[in-house]
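Here we start with a single chain on its own, the form predicted alone, put down as structure tokens.
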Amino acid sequence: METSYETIVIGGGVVGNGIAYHLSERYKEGVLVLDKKYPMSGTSGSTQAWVWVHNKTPSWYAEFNMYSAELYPYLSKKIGDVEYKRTGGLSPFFNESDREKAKQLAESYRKIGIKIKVLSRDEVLKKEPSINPEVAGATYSSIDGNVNPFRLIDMYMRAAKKNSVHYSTYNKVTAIQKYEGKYIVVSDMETYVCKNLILAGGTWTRELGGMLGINIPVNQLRGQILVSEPLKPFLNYTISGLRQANNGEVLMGYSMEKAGFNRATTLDVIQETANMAVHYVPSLRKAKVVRAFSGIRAMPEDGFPILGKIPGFENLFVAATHSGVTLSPLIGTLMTELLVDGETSIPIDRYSISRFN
């Protein structure tokens, strides 16, 4: 027994759901999303959920992120309140010697239309009085912010389902075959047939590619995060390394560890994270930590997204990246354009998987 769809998206995280929703705006039937567990149980549900542009290099990659961040206000109006807040972002530095590097970053961004300011100590403390007074300065961008990842994915799914997207969860894909202009997707529950196949399995994208004999070089990087008790609002901005959520909790952490799929938290990184947070914001020393969790980033080998058609395979596409929360509105838009129109409004050639050949 085979069920046919026009398009199957493998992966129900923020990237896969962003694609499914945007596809559903262009055609109203024939889309299936498959997820091995349940959306939000993987990377997309274990993240600080920054919508972050500045500090990303080179400047063309920051520009790509900027285009996506600019889509968030409109996306929120279309799918509903995702608790998107454009707080502005601060990236502090504590050595005066780092100021020149910050100025160079600001200049490279200026050329492509991203405005970031290099702040003095007094300017940083005026914006964010809670920061360590030993701060030397910071880069500041007004476009940065954060979002509630659970609401984002839930709203993507609700909007997609209204547009007749089908979902099959707790349904692991076990094999993929190409046969006479179509793809046969074998899962734990059923076998499906589709014309278009999109591999958006996040950290598992390498394994999905392997089912078709394709090397998609996506690795895993673990990040551990601490969560404080709810505190009265006191942080004005999203700071590189920590942010305060709507409910008052402070999320702290930005570790990167090669640990495969191991989502354990470890005492050494928890201690490093706590020390970092207290160094940035000394008053956090008094806050109680109520939990720690970790997430696994889908990190392409060179650090940049892998997007678009897979050469040599008709109607086969890939969307694999870290920073999925920041990039999902743009990736959803561009992948939809590619499938429906055959071209994208913003060039994505530099993100093609062919760069690894």
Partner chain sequence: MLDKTTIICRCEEISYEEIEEVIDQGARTFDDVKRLTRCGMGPCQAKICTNLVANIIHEQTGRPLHKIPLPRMRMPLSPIKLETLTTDSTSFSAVKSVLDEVELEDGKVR
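Remember, it's a predicted structure, so these values are computed and weren't measured experimentally. Residue numbers count along the first chain shown, from 1.
The same protein also exists as the form predicted together with the partner chain; that form is not shown, yet it is the one meant from here on.
Stretch-level contact check against the partner chain in the model of the complex with heavy atoms at 4.5 Å: of 128-136, 181-189, 197-205, 272-280, the positive one is 272-280. Residue in contact with the partner chain in the model of the complex (any heavy atom within 4.5 Å), chosen from M40, I310, L32, M66: M40. Site annotation in the model of the complex: the residue of K85, H166, K117, R263 reaching within 4.5 Å of the partner chain with a heavy atom is R263. Using a 4.5 Å cutoff between non-hydrogen atoms, R121 does not count as a contact of the partner chain in the model of the complex. The partner chain is not shown here, but in the model of the complex it comes within 4.5 Å of a heavy atom of F93.
Taking the partner from elsewhere, Q244 is found to have every heavy atom lying beyond 4.5 Å of the partner chain in the model of the complex.
Within this chain, F234 is remote from the site of the partner chain in the model of the complex, having no heavy atom within 4.5 Å. Scanning 51-88 for heavy atoms within 4.5 Å of the partner chain in the model of the complex gives W52, N55, T57, P58, S59 in sequence order.
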